[in-house]
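Quick setup: one chain, the form predicted alone, written in structure tokens, and binding and motion questions come after.
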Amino acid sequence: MKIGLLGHGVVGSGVSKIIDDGLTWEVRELEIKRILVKDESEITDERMTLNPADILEDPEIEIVAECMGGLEPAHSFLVEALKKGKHVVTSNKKMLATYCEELFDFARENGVTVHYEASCGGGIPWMASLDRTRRVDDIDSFRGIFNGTTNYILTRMTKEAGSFPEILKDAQKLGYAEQDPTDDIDGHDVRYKVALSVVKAFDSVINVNDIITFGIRNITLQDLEWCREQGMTCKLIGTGSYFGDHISACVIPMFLKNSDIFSNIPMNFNVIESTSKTLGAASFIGQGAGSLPTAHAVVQNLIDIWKDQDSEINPKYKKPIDNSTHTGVFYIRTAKPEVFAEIAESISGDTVLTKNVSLVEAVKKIQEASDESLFIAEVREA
């Protein structure tokens, strides 16, 4: 089966290595015919081209694997590929979370498929496990440490009492964080992955911008010390729950009991867990990013297409997000604690511990406070 590869960066180069090495008979059935690169300096292989038409217009190429990242031109290239009857595999969470409904429609119209295992969880077979679970069981909810960069930062801050800025710099040096770390530390990366998990788990399309999202940009050692004193560990968590007519979905730092399995996931590892009636809680732990782990997931999807497995793109239902059912106790550090008096269980200096309130109610007060230095975490006693 001939493949056109869009992009040859961290993930794309991993895909070409795995396929070219051909360590299993299944992989040896795959052939990369052309590779799209950005400029002349990247051309190191006779298969490489600067012209996307060499892939999109080639009738021999049956699958387009997109590993470019970003919204455009990745989105336009995949629309063109689907219109020409080519299957699509993508690792691009931001693009897919933004345009998934449109891409799925084009896939159905043209009798092809969109596969996206690598877009969420890196090398963890999260999407495949959701498909497998749903053959027997409805999934009620999921939660996850979806981002290795923030988990690395929080692990080191907790263990070494290092400052956020210095550990972020280390993460950038190690390649865990981009030079512009906004998507990671502000929770946007997790938000895209939550949106795609909702598609797989609940057969529902949601507006990614409606997912309430808080990151760890403003976390300090003061916050982690309070967390430690409660016998807890801080993790950035993405969640989704299904309620039939609506979805609850958010991204928020959580203070978790040290006995929680999520509290013990170290450094840049991810863990994602689904909950369903007969299976209960099923957790998947592994490398959530990196060249070869993510490329492994891309190649798994390529083999799925070759074997005609997981080939059905079902219509997805558009569902609204309603987080009013998401209730809890929230730790809030702010320069304006008086704003939170109505929902506060206690206020000590700049630290507010709320009563059990809805997340929506807490967000309203945060918007009212308009405090750019504010940090919020949900305190999970169970």
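In this text, residue numbers run from 1 along the sequence as written. Predicted, not measured: the structure shown is a model, and the values here were computed from it.
Just so it is clear, the following notes concern the form predicted in complex with a small molecule, a form of the same protein that is not shown.
K.L.:
Would G144 count as a contact of the small molecule in the model of the complex, using a 4.5 angstroms cut-off between non-hydrogen atoms?
P.N.:
Contact with the small molecule, no.
K.L.:
Does at least one non-hydrogen atom of A177 fall within 4.5 angstroms of the small molecule in the model of the complex?
P.N.:
Within the cut-off, so yes.
K.L.:
Does any heavy atom of D184 come within 4.5 Å of a heavy atom of the small molecule in the model of the complex?
P.N.:
D184: yes, in contact with the small molecule in the model of the complex.
K.L.:
Would P253 count as a contact of the small molecule in the model of the complex, using a 4.5 angstroms cut-off between non-hydrogen atoms?
P.N.:
Result no; P253 lies far from the small molecule in the model of the complex.
K.L.:
Hey, with the small molecule in the model of the complex, do D189, K193 and A289 all fall inside the 4.5 Å heavy atom range?
P.N.:
Per the other structure, all of D189, K193 and A289 touch the small molecule.
K.L.:
Among T149, S274, T233, T239, which has any heavy atom within 4.5 Å of the small molecule in the model of the complex?
P.N.:
Going through each option in turn, the one that passes is T149.
K.L.:
Just to be sure I understand the contacts: of K86, K200, H115, K93, which is the one whose heavy atoms reach within 4.5 angstroms of the small molecule in the model of the complex?
P.N.:
Looking at K86, K200, H115, K93 one by one, just K93 meets the 4.5 Å heavy-atom criterion.
K.L.:
Want to guess which of 74-82, 281-289, 97-105, 300-308 is within 4.5 Å of the small molecule in the model of the complex, heavy atoms only?
P.N.:
Only one stretch qualifies here: 281-289.
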